[in-house]
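Take a look at this single chain, the form predicted alone, given in structure tokens.
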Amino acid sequence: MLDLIVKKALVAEKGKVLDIGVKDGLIVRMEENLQEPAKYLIHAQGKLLFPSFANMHTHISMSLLRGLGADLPLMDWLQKVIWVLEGEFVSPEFVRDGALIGIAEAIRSGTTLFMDMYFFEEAVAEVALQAGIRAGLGFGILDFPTKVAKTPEEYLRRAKEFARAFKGQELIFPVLCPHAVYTCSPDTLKKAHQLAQEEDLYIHIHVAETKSEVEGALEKFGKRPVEHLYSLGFLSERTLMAHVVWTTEEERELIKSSGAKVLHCPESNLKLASGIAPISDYVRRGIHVCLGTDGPASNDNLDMLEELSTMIKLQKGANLDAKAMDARTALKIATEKGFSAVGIKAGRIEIGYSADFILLDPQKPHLQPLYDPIAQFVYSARSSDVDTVVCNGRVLMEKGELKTLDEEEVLHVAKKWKERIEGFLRDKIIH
């Protein structure tokens, strides 16, 4: 008996109406009229079936800080708003509640994998496991004290403990997260890299996000960020670099030769005026590019469909070339390229691939008439069109209803934190 059958979905990748059979988390059957019993049946007639999204860079608990510090550049936003509020409020409760809001939003917009870098990641893991979503989780490692740790050695010790506690789980996997070259000394970066090798972990780091970061690296190390990391032996196929907006020809070749991955976050880069990453050039060179939203306080959402549409249009506009990126390439970046970057066989609708997919309702004026499902998904669809979400064969949302999280609790938690944070900001302004 199959675990799940999705009946009569238009599989966009195939251009056919098919039944999808799922067993033990995998797609095992794809037929026009599948005649087998199943524990769970989804009638998908009239719906489009796509791979789900992999959000490869975020700080999901920052959903509680959404909308604060709007219209500031990155360093002002961090130093004058975010770090002040985090210093006051960050705790396991804050992280858990923020993750609850963020994960509910992520599922609603069709995401089944997210890569997170923050504090008290055990609390994020708790919610992710409850929700049934995939997550690559890591403690931010810094050279300055926070509520999590006081020294680089303490951050590294906590990261090692976390990694050993969460290794081997089906959906959650630990990642090492040194924050950036401007917040981690060469010694800290080397120790983080050594720990990643010892524990066989991916490394998730911010790289070359702004011009000022590049200028600071040149002044401090005599090298640009990518060059600096390469000189430390830091870059490899297990290095996941968020942003990578400002790079030279030489740096791009270093990225390609090392096998390091680029995690592109176009909307956050636009909102914080960081720039437009040369993604079409990276793709042309054969660099592995994935898509992420960044945190919901700098984007200010976790909507991967919106991110996908922004990415492709930016590449066309920045290059003055309508062929700079096509819809199918963009969709692959947002789906399969994300999963494969961390060794997960998902992001395609094929037998033997993980059953991570979404159903989309195209019966909306903005999606009709429907000529090219993939192109119209990329350019026209909205997250509110996502009808059903399946992760590893488990239904997380069906017909717009979350199945693993309580949406009333999500909204209650958001209201509670809004009152707390607004009270702090009022007192701070008054005094």
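Residue indices: 1-based, along the sequence shown. Note that the structure is predicted; figures quoted are calculated from it, not measured.
Although it is not shown, the form predicted in complex with a further copy of the same chain is what the next lines describe.
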item	value
Non-hydrogen atom contact T58 with a further copy of the same chain in the predicted complex at 4.5 angstroms	no
4.5 angstroms heavy atom contact with a further copy of the same chain in the predicted complex for A346	no
Proximity of L270 to a further copy of the same chain in the predicted complex, heavy atoms at 4.5 Å	yes
Partner proximity in the predicted complex: N299 to a further copy of the same chain, non-hydrogen atom cutoff 4.5 Å	yes
Contact segment among 47-55, 390-398, 33-41, 371-379, judged by heavy atoms lying within 4.5 Å of a further copy of the same chain in the predicted complex	371-379
In the predicted complex, the one of L263, A159, I101, A260 near a further copy of the same chain [non-hydrogen atom within 4.5 angstroms]	I101
Heavy atom within 4.5 Å of a further copy of the same chain in the predicted complex - residue from G233, P92, G275, P186	G275
Contact at K80, Q194 and V244 by a further copy of the same chain in the predicted complex, all three, heavy atom at most 4.5 Å	no
